[in-house]
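Read the single chain below, which is given as structure tokens and is the form predicted alone.
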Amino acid sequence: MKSGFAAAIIEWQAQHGRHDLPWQREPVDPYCVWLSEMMLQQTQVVIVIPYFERFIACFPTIQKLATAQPDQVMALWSGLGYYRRAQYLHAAAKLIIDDYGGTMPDHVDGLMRLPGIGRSTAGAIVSLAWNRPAPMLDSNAKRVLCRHQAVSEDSGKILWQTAQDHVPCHDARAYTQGLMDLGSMICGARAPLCPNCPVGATCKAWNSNSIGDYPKRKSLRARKLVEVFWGVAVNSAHSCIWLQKRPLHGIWAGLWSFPDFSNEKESKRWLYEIGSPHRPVVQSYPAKDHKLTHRHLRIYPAVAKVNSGTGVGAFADEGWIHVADLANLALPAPVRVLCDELLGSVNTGCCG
């Protein structure tokens, strides 16, 4: 039995929703749905699609993903941000092979035992992959329900109960996709198109002219300004650049980056040492700003062209990396941009 709310969304989704996303192709593959849901966390569909296509081309099955090297996985995630999602995805694939015989759990409780999958993501996967009723509360669904019921985003129990009450016994896939589409296409965070909403007649916020009050936004924590000083050593003769792998915790965990220092003097000292016995000319590049969720990085690159190094091309924890190998490394966006400037275009590669 469908509520009027669910029936209206399902009807709207059939006419106006998205039906041609790459993870919607028939027959629906639960692995593709899971991958898309992980990529879509805090990331827009239009950004995710090319990453999804490249990722699935390299790792078309859970088995392929589980046996991949971490650097291969992270390289294909490079630029998408929130890199812990890729680490969770890789770890979960291994767990599925080892503990579930290579088959994804098809119920919420089982999915929630996998790294990186919470209640909402599990509900979305169950609905979209197997067309079974399960509530979910991604950011789009939460916004729709908050406005429709005129409740605060902090009202977790109320929202989850509302989400549960509206999930239909049948057509769960169409309903869940429709709820996400409605939040993205009509009930947007800014300038919602309320006259076009299929559930506008029963929307409490719309009918009380208080749509702008929901969902009540949490006060945003100011980004902390962090100054980073990079030592960037380039060997143009061998088309290589010195990189090191970051620790498995903190900013850009497990990604490849330039050595960073607490001040410019230290970064230049390092460049003089790596350029020894010839003292290289060190150029200070203009500061580059890069914003993360809770940090505002102000990056000061000191760049030197040195004669040492041969471009080992081996993926150790640090060393000279040839330009041809950069495409197969997971590089934070600002690192990739600077590599582009210094060595030419560096594209994200496949898993070879």
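Counting begins at 1, following the sequence as shown. Fair warning: this is a prediction, and the values are worked out from it, not measured in the lab.
The same protein also exists as the form predicted in complex with the DNA; that form is not shown, yet it is the one meant from here on.
- For the marked spot (I47, L114 and K291), a heavy atom within 4.5 Å of the DNA in the predicted bound form is present in each of the three residues.
- Considering the DNA in the predicted bound form, the lone stretch of 195-203, 79-87, 276-284, 162-170 in range is 79-87 [heavy atom distance within 4.5 Å].
- When you look in the predicted bound form, the only residue of A189, A237, L95, L225 with a non-hydrogen atom within 4.5 Å of the DNA is A189.
- Although the partner is absent here, L21 is a contact residue: one of its heavy atoms lies within 4.5 angstroms of the DNA in the predicted bound form.
- In the predicted bound form, the DNA sits beyond 4.5 Å of every heavy atom of V303.
- Contact between D260 and the DNA in the predicted bound form is not found at the 4.5 Å heavy atom cutoff.
- Contact check for Q177: a non-hydrogen atom falls within 4.5 Å of the DNA in the predicted bound form.
- Shown without its partner, the chain has L21, W23, E37, L40, Q41, Q42 in segment 20-42 as residues with a non-hydrogen atom within 4.5 angstroms of the DNA in the predicted bound form.
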